[in-house]
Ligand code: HEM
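In structure tokens, the next block holds one chain alone, the form predicted on its own.
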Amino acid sequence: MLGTIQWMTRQQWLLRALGPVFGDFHPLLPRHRDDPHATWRRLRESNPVYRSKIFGAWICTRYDDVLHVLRDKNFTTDRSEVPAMRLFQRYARRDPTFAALIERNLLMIDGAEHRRLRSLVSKAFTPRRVEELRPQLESIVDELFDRVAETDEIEIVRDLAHPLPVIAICELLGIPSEDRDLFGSWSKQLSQLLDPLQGRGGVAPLRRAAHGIFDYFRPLLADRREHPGDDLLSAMLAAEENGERLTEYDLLSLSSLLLVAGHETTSNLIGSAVISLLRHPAERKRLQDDMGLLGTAIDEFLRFESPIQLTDRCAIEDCEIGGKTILKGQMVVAVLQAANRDPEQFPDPDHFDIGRTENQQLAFGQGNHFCLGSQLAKLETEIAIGALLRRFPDFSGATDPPAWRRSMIIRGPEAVPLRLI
């Protein structure tokens, strides 16, 4: 069934014909991918808590409403009672490995179990451990730029934004360098976890990736138990709280999630950041003249073109948002990107300002499910953008990418070709 739906989302003639069924929210057409901000602005101004019948969900586009959904305990990431998820889980449980990938990752569980798992992972995935990666990441970025320096050209996504996060996660987990290409392939297949509609082939790519990565990690985990190292896998194995430790399936699912979420978020953030600098030459020069602004610039990159456009929650009990009644069991979509350009929260929200200090952007979410890898994504982007500006200050390129990712959830350019001199 998923394969059929994926095929339908690629048929633009069909999607255009179904326009009246989609109503005011039709995020699968090219015009939305090219400029999603127009869609979010229209909804935020005319119908900020919009009921989409075809998606079976409420769409929230105001900052305060999005923040409420992300923080309020009445909204859960446990989607097990949603009809589509129940059908999917029945299929997945025929394959325990695939079921573990879907059901045991932090994006799908909530409550006490989520707190337990996140607490254990947080003991291993500390800010100190991430910051210790800085010298390695700086060396990796320099190496990636060295490969293209003599050609005077670079394609940012292929040559930098795509490989860097995979290498970073492999370094963090203690994966041998010769196996990085395997992880890049698995990450591409696992990206359907974040947006099932963007893929091809139904659930088959997810199943292949689940089996591939689980089969790879099982002997590696056994080795780390016997010979612990200074890496995240060893730290997760050692993490303990109230006498409990992470199970093997927990470790396998968490490692898979770190790979795909860390890769997708950072890759798209870096690609979009370069596009933003090309589109705003005055702000680019301002950053080149004062690299101390990199910290606020990264928050502005995240606000201006959020790599994850939206997330969803399920209502535990009947409630009200913006004067609309949300019934128990209904899905609510919190549009992070719409919130990040809400003029009630951000003065002049469509103005790109690398020095914006009042910037409580929601690109990494909020509440209990705030992105675990946010610091790593920011560190990689800081190093990548800083090195690009220092090494190739005169780079140039088109202000519009050849195409944006074909997804209503993931936002990033397919490619960003640059001339380096």
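When you see a residue number, it is the position in the sequence shown, counting from 1. Nothing here was measured: the structure is a model prediction, and the numbers come from that model.
Keep in mind the form predicted together with the named molecule is missing from the figure; the text below concerns it.
Asker: Quick one: in the predicted complex, does every one of Ile175, Leu193 and Arg208 get a heavy atom within 4.5 Å of the named molecule?
Answerer: Contact check failed for every one of Ile175, Leu193 and Arg208.
Asker: Using a 4.5 Å heavy atom cut-off, indicate which stretch of 37-45, 349-357, 363-371, 389-397 touches the named molecule in the predicted complex.
Answerer: Looking at the partner contacts, the answer comes out as 363-371.
Asker: Which residue among His280, His114, Arg129, His162 has a heavy atom within 4.5 angstroms of the named molecule in the predicted complex?
Answerer: Checking each option against the named molecule in the predicted complex, the one that comes within 4.5 Å is His114.
Asker: Among Ile59, Leu376, Leu28, Ala384, which has at least one heavy atom within 4.5 Å of the named molecule in the predicted complex?
Answerer: Contact check passes for Leu376.
Asker: Should Ile156 be counted as a contact of the named molecule in the predicted complex, where contact means heavy atoms within 4.5 Å?
Answerer: Output for Ile156 is no: heavy atoms all beyond 4.5 Å of the named molecule.
Asker: Leu252 near the named molecule in the predicted complex, any heavy atom under 4.5 Å?
Answerer: Looking in the predicted complex, residue contacts with the named molecule do not include Leu252, since no heavy atom lies within 4.5 Å.
Asker: Against the named molecule in the predicted complex, would Asn340 count as a contact residue? Criterion: heavy atoms within 4.5 Å.
Answerer: Because no heavy atom of Asn340 falls inside 4.5 Å of the named molecule in the predicted complex, the answer is no.
Asker: Is the gap between Tyr216 and the named molecule in the predicted complex 4.5 Å or less for some heavy atom pair?
Answerer: No.
Asker: So which residues in 261-276, when you check the named molecule in the predicted complex, have a heavy atom no farther than 4.5 Å from it?
Answerer: The stretch touches the partner through Ala261, Gly262, Thr265, Thr266, Leu269.
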